[in-house]
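Shown here is one chain on its own, the form predicted on its own, set out as structure tokens.
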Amino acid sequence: MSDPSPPSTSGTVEADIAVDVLVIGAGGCGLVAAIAAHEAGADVAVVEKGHAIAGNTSLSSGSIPGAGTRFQVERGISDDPARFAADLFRVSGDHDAPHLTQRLAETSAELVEWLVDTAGVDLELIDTYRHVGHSVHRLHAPRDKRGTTLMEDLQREVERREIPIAFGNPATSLITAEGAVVGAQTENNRRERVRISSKATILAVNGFGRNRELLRRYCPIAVEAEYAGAATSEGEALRWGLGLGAATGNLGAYQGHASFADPHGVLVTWTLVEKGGIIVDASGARIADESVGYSAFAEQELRRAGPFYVIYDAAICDAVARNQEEFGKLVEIGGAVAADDAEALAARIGFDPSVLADTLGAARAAATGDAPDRFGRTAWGNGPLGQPLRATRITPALFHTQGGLAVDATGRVLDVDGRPIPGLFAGGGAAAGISGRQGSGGYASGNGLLCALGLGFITGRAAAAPVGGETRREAS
């Protein structure tokens, strides 16, 4: 992919359209930012290079962590931002954006409740299992655990507010004047140039997971992983920001997923593992502690040759298929190999039956507490796997990058001297994330949507704040 055009600079901005806040990208971050800015009284427009609502939020389970929400209180769960931040730091270790970890943890409960009460998103607390990295139940998701459902709710609210979204209208460069970002040049469906001026511009275009050149430069460990993220994650925000002298952070971090169905090409829910499933390599042996989570475990797989299989029992399969539609569809199309016992399963997937039997026997002994697990796993969900058995062939995947432009606690993009670049904000995959500096091991469940929706919420409000006087309209 060639570099986008460099920023355009002029003393006088000639524009075809003028708005208070321009949002570039119509994923989860962009739609939340647009709603938040509109609620704060700004005139908002969104441009999106794709031809429909998409992005990594759509590909997710729609799970958003919130600490101290009313939904937790209703279930008798005690939680607070300090506990949440401590959980996040325990997983991520030190990184370049600790202020964002603190701010996002502090904002998380307000975000979840605002999504429900103001943005019209239907969410419920997931309390049937605890997600990777969290010491209490704090993830909130649509009832069907589908990111597309979350996005449909957000789009419905954007349409209700009559916020325009220009699909198929990519931003090709940022416009600057006297050191400030004052809008963007875009291209409409007729490939005509359209210049949009704005008092604030929010970069919500996601990361650079689909750009192999940028991956090789900044996140080389993920280059060989199957890419399972949005096709539009091509790194424009990073290139534009670097062209303006922006600082960056955590560029070597990424969200991996150890369980990408092969050859079906869909993410296989980690709930299978959280309920007691195991992952084996081509010999039928386990390779590490699966409870480290889908992102950290992906790195374990990338160091080895596949194929890999997630093995679980029929009870887990049936329970998860009932509650997670995407997995149910995978089962329907033959993505779960069925067998009565280890010997029959080994025959079906080409394993040495004695190796697989030994692997399952050791895992069952660890799950019952009869013997320590050789890899140190202590969390076994429902307990030892029963029979009949199920297996799904998987491969490690890159879902999205977790590094990006350095931003302050309000989402303003910072230059290499730590000063805000006037008029420019970033969120989601465009901004430095909170999942560590390098690799996939620093990712806690929900980090991606916490940064996407959380920074969308924060930047939308902050970007609307300069709008005042006669230019400010009444908030809907």
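Since we're looking at a predicted model, the values are computed, not measured. Start at 1 and count along the sequence shown; that's the residue number.
The form predicted together with a small molecule exists for this protein as well; it is not shown, and the discussion that follows is about that form.
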The small molecule contact in the predicted bound form: Phe425, any heavy atom under 4.5 Å: no
Would Ser63 sit within 4.5 Å of the small molecule in the predicted bound form, counting heavy atoms only? yes
Any chance Pro384 has a heavy atom within 4.5 Å of the small molecule in the predicted bound form? no
Close approach of Gly436 to the small molecule in the predicted bound form, 4.5 Å, heavy atom: no
Looking at Gly229, Gly293, Gly277, Gly241, which is the one with a non-hydrogen atom within 4.5 Å of the small molecule in the predicted bound form? Gly229
Using a 4.5 Å heavy atom cut-off, which residue among Ala253, Val205, Ile202, Ala298 comes into contact with the small molecule in the predicted bound form? Val205
Indicate whether the candidate residues Leu104, Val112 and Leu154 are all in contact with the small molecule in the predicted bound form, with contact defined as any heavy atom within 4.5 Å. no
Tell me the stretch among 53-61, 66-74, 409-417, 36-44 that has any heavy atom within 4.5 angstroms of the small molecule in the predicted bound form. 53-61
